[in-house]
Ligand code: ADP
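The data below hold one chain only, encoded as structure tokens and taken in the form predicted on its own.
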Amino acid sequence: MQIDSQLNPNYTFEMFIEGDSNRVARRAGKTVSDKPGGTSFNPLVIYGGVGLGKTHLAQAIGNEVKRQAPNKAVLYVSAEKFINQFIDHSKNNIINDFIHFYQLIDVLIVDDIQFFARAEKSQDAFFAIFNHLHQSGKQLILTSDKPPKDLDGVQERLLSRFRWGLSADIQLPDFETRMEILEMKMRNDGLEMPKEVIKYVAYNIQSNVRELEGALISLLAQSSLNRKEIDLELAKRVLKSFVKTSSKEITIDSIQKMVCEYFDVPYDKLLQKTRKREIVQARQITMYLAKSFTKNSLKTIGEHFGGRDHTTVIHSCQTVKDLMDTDNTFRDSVVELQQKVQLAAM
């Protein structure tokens, strides 16, 4: 059956940056696109907050299926559009035609299924379509702003079927992933920007990918319209409309949390007496950064680490300096953390 798939050709796997926040969903999507209807990921439910890439990933699956198998009938439709279509067909007494059309689809992508919660009769129609497609070995891909178990107002019989396959979430991208997204966007558009500006944007826009791209577009527009070079000052002015504050106080606590997250070390371990190398080094680096980026005394810094005295802080700082001179991997980690602290202070 030849139909318009309603897919955006720009939504591809190549344009979807993989990171810790979306790895399971992206890889599951790629598996489905290579063998639609032939995996245990049926349906594939992709869920997460606004602007994190659910629609992009769902459509990337559809585009990849069409690339590999042009004759397959792939259709993308939002739940709202599905409901409106159902209402129109109901008024004309041709519900069977509506259901029959959808039962002919090979890969059905339904976006924002949380909107089914306010449409009981549409759920009945979708239940019949879902059953037919699933039993026929066709692929269903669904997106939602929450996991199936939290979809209030959706029929239990539908929810049970949503749980037949795989539910994969997309979370907020981390700093490194945000950097990659910005760099890819600029590369594809043939644009250049100082590295420090890219880092500043990536660090300060943490809400979602859509706002990240919006900040980049605003920055480029201001540069072009005002005929100004893109620098850190321009970035700070532009991002005032995206972030609540452009400057933050760096504290010992914030540095501790940053280092713990970087090395995946529990915060309480940082304060305990232990000889474990990874804990000791994380603590020493934290003290070194606290001395470098805060105005606290050595005594105050020591007190933030389980009541250690100032001599321990001095020893830790000297140890970090010595290791940076002899261990390249160690130095790279410290430099990267220094950059993170500097970005947080901007």
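One rule holds for the numbers: they count along the sequence shown, beginning at 1. Keep in mind that this is a model prediction, so the values were computed, not measured.
The protein also exists as the form predicted in complex with this ligand; that form is not presented, and the subsequent description refers to it.
Please tell me whether any heavy atom belonging to G29 falls inside 4.5 Å of a heavy atom of this ligand, as the geometry stands in the model of the complex.
No, G29 sits far enough from this ligand in the model of the complex that none of its heavy atoms falls within 4.5 Å.
For D325, is any heavy atom within 4.5 Å of this ligand in the model of the complex, or not?
The answer is yes: D325 has a heavy atom within 4.5 Å of this ligand.
So in the model of the complex, is this ligand close enough to V209 to count as touching (4.5 Å, heavy atoms)?
Yes - in the model of the complex, heavy atoms of V209 and this ligand come within 4.5 Å of each other.
May I ask you to state whether A168 is within 4.5 Å of this ligand in the model of the complex, using heavy atom distances?
Although this ligand is absent here, A168 would stay clear of it in the model of the complex, with no heavy atoms inside 4.5 Å.
Judged by heavy atoms and a 4.5 Å cut-off, are L172, H304 and S316 together in contact with this ligand in the model of the complex?
Judged in the model of the complex, none of L172, H304 and S316 sits within 4.5 Å of this ligand.
Can you pick the one in H56, K291, R283, R308 that has a heavy atom within 4.5 Å of this ligand in the model of the complex?
By the 4.5 Å criterion, the partner-contacting residue is H56.
Which pick from I105, I181, I252, I205 sits with a heavy atom within 4.5 Å of this ligand in the model of the complex?
Checked against the cut-off, the match is I181.
Pick the stretch from 47-55, 293-301, 33-41, 274-282 whose residues have a heavy atom within 4.5 Å of this ligand in the model of the complex.
Careful reading of the contacts points to 47-55.
Using a 4.5 Å cut-off on heavy atoms, which residues of 1-21 contact this ligand in the model of the complex?
If the 4.5 Å heavy-atom criterion is applied to this ligand in the model of the complex, 1-21 yields Y11, M15, F16, I17.
Since the Cα-Cα distance for V335 and S207 shifts by 3 angstroms or more in the model of the complex, is it a contraction (closer) or an expansion (farther)?
Residues converge in the model of the complex, at least 3 Å closer.
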